[in-house]
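Just one chain follows, in the form predicted on its own, and it is written as structure tokens.
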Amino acid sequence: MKPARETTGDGRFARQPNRFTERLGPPGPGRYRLYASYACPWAQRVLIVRRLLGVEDLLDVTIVDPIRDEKGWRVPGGDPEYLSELYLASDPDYRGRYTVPVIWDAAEGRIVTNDFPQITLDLETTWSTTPDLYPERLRPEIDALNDRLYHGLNNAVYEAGFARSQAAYEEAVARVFATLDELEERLAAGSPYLFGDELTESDVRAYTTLARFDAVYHGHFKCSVRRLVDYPALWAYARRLYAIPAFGETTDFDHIKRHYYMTHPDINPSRIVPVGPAIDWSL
């Protein structure tokens, strides 16, 4: 199996660059297929946006098995058997990890993109603008908040969980909770979403980390200063998003927990999946 992660000399987690970064072309039925995992927050972003925009007929989807083996992500009952086959068909010299989400171009027989930050923006700006999740007048603010979310929360939980030194871990955890504190303050005034009454790309990016926080990041990744449920405004916000079918119906806590606890044996060598947490996500 490909290395589970990359670290620097001082024990800090370093995410590998995305290998396939072409932009999506015009949609057409049967042309593009999304390979995604319910366990992966980056992939769930695309599943949510696909549903919100109503482009399910233009972007077919295959959900991979939540448990990776030595060959990586398996495609249950599928063709190919493993996601790695698509990577190597697109680039026989590829040596990185086989990540999701991936968009495959059936017409050209190759991966177009595994560039998770850009995929949802392409869908929102070139495939459909209803609802407008990336309104032009807010784009500078959305981009700035998305950058803050990535470095302070979305990727920072991985930097904490995969750290190989105490200093690297503590620095990452400090960023995680500073960001959660900022989000709590932002939402405390009562706005339903991060940009007031408008659901945007930033809400999608925040949600997929929040949905996994108490189930896996709090314990498995040692982001244990506070739980999501300890933040009144953030917890209400996360449940409000969960109540939207595009969010709630793509959130599979069984896949999430089995993936994290069973595919990081250096963190959880027993591979025992914990019972709980007993949390009611309903409003």
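Start at 1 with the first residue shown and count on from there. Note that the structure is a prediction, hence the values are computed from the model and not measured.
Beyond what is shown, the protein has a form predicted together with a small molecule; the following relates to that form.
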Stretch in contact, per heavy atom within 4.5 angstroms of the small molecule in the predicted bound form, of 201-209, 133-141, 188-196, 91-99: 91-99
Report whether the minimum heavy atom distance between residue 40 and the small molecule in the predicted bound form is within 4.5 Å. yes
Close approach of residue 114 to the small molecule in the predicted bound form, 4.5 Å, heavy atom: yes
Using a 4.5 angstroms cut-off on non-hydrogen atoms, would residue 220 count as touching the small molecule in the predicted bound form? no
Flag residue 177 as yes or no: does it have a non-hydrogen atom within 4.5 angstroms of any non-hydrogen atom of the small molecule in the predicted bound form? no
Given the small molecule in the predicted bound form, answer whether the residues 16, 68 and 73 all have a heavy atom inside 4.5 Å of it. yes
